[in-house]
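This document starts with one chain, in the form predicted alone, laid out as structure tokens.
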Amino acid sequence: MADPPLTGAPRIDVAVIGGGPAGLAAATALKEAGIGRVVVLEREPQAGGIPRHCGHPPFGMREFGRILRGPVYAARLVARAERAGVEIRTLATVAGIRPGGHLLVALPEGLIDLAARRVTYATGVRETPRAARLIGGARVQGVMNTGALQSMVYLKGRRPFRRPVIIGSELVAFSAIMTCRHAGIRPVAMIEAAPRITARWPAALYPRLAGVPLLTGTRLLEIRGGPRVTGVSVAGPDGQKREIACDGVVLSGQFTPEASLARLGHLALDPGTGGPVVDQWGRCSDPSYFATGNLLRPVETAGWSWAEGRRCGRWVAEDLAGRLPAPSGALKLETSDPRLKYVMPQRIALPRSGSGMGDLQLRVTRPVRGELCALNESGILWRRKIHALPERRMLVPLADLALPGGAGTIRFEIREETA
């Protein structure tokens, strides 16, 4: 049976932009909550998001109670959504967002205007490209991010190089090693500028087990070659320059939310996260729009994004039923300390109820030990000792904060320990 047209009756209740784990989870939760017509708009030929490109485990323990490879996991999420009654439209690119839930959608047959009572924005993240990383050297073939590598290996069956270097040590960099091993590629080094890896221990053991030298405190200076990569120039912990022969470079991590629709549209963006400004229900500056998943901040796992998407779907259903407070009064949350990268959500809608995000999420820009404090004009509202590292989330339970009853601003800062 053919899907009903996207325009005309029956009216779309919720349009979900993005068919990755968060978007599919939100759509499924909306149908389970009894919402009538829920449509996922996915620009790729298949829904499932980044896990479709990851032909390795571990995915699925939180969602299915077993360890799955990425493509199997993505297919199960799609099947679950379809069983719930979600319409999934692939090759549907949202070209513009407008106030009140009006979307401009590019389909193979042309552009259409689409109206929905609510829109859930779940477009995820992307890795920072070479141009934005200001890496010097030749513009040569064989330089790519992890997503492009996974797409080549798992979706196209290609082997773009044989002996690359991997730049970065976020979790996705270890995924790059797995992808290389699958394709018979042997990385010659993993390079991290910081003195320790970004991912949690014991991830540092994996490169060694895979036979990949892990070089911490090492900066990439220049990429050499022509027309293909022949090597890289790096500076080690002692500042000494050295050359590493290789035939490719994988630029991993340094994620940024895929928020181009918001940037070109009308939704307020947070400079810290790079994603939309939201309240504790994921509601954006235009209350017809909600945001969820890694669009809110870079970067969490597929399982985390799935769980967050399910919660967001339930919140959107509550909003459609008129059970969320109007977004007129809100506490503003901000960071006043360069060592804090962001706080999310950035607003607390009032009056505050028991639903919504239970925690504030913060991250630091560099390793720090001290006391995290929440303050307003009256003084310190909350404090906690921390030992934090970049790219590792800090959670502050909202229930622990002595929130003022009216609108205002709460600032977060770090008071660092002194010797």
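Not measured: the values here are computed from a predicted model. Numbering starts at 1 and follows the sequence shown.
As for the form predicted in complex with a small molecule, it is not shown, yet the points below apply to it.
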| query | finding |
| --- | --- |
| Single option in 350, 388, 50, 374 placed near the small molecule in the predicted complex, where near means a heavy atom within 4.5 Å | 50 |
| Candidate from 275, 187, 124, 168 lying within 4.5 Å of the small molecule in the predicted complex - any heavy atom | 124 |
| 4.5 angstroms heavy atom contact with the small molecule in the predicted complex for residue 285 | no |
| Touches the small molecule in the predicted complex: residue 54 (any heavy atom, 4.5 Å) | yes |
| Residue contact check: residue 305 to the small molecule in the predicted complex, 4.5 Å heavy atom | yes |
| Residue 92: touches the small molecule in the predicted complex, heavy atom cutoff 4.5 angstroms | yes |
| Heavy atom contact within 4.5 Å of the small molecule in the predicted complex, the stretch among 134 to 142, 157 to 165, 229 to 237, 255 to 263 | 255 to 263 |
